[in-house]
Every structure is written in structure tokens, then in C-alpha cells.
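A lone chain, given as C-alpha cells: the form predicted on its own.
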């Protein structure tokens, strides 16, 4: 990624964090600072890990799968 992308990502994270602190919490998990940032990151990591595991289980074939010896 380019440097500008990292800068924009950091700025958006800070804005999101500040917006969370200025709102009145409606649920108990909204009292945890940065909850939605952490939740989104962990959710993406889980999706990647699960999809890779499913790909290895169901989609990936052995190297000699099409070998006709």
C-alpha cells in the first residue's frame, strides 16, 4: 500500500475512535473503547482463516491429481 493509504487509514481510525467516545453508549459493549475497530479487525481475520481452511479442505487437490500414470 502507498503511504497515503496508511495515513488515511490511521486518520479514519482516529476519527472513528473519537466518534465512539462522544456518543452515549446504548449497549454494554459500546463502553469498551475501540470495540468496533477491534471487532471489525478480528472479524476479518476470522473470515480469512476460515476461508483458507475451507479452501484447503474442499478445493485444493493433490499435486498429482491429474497425473495419468
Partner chain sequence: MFGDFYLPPFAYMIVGAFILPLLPKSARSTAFLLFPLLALIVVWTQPFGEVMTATLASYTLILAKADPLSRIFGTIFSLIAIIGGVYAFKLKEVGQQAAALLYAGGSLGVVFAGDYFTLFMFWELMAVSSTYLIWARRTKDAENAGMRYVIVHLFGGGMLFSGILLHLSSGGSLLVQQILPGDSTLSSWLILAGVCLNAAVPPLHAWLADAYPKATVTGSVFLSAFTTKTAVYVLIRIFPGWEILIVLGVIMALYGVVYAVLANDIREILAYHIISQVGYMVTGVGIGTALALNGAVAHAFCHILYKALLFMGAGVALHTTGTARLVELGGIARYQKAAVALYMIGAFSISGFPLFNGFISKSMVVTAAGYAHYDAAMLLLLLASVGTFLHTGLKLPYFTWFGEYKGIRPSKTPVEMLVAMGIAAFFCMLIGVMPGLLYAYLPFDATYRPYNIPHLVETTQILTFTFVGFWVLRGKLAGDYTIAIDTDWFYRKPAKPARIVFIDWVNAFFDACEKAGYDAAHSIAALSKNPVRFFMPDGSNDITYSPNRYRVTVATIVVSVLVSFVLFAFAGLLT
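Residue numbers count along the first chain shown, from 1. All values derive from a computational prediction rather than experimental measurement.
What comes next is about the form predicted together with the partner chain, which does not appear here.
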Requested in this report: Report yes if any heavy atom of residue 4 sits within 4.5 Å of a heavy atom of the partner chain in the predicted complex; otherwise report no.
Outcome: no
Query raised in the report: Taking the partner chain in the predicted complex, which residues of 43 to 63 have any heavy atom within 4.5 Å of it?
Result: 43, 44, 45, 47, 48, 51, 52, 54, 55, 58, 59, 60, 61, 62, 63
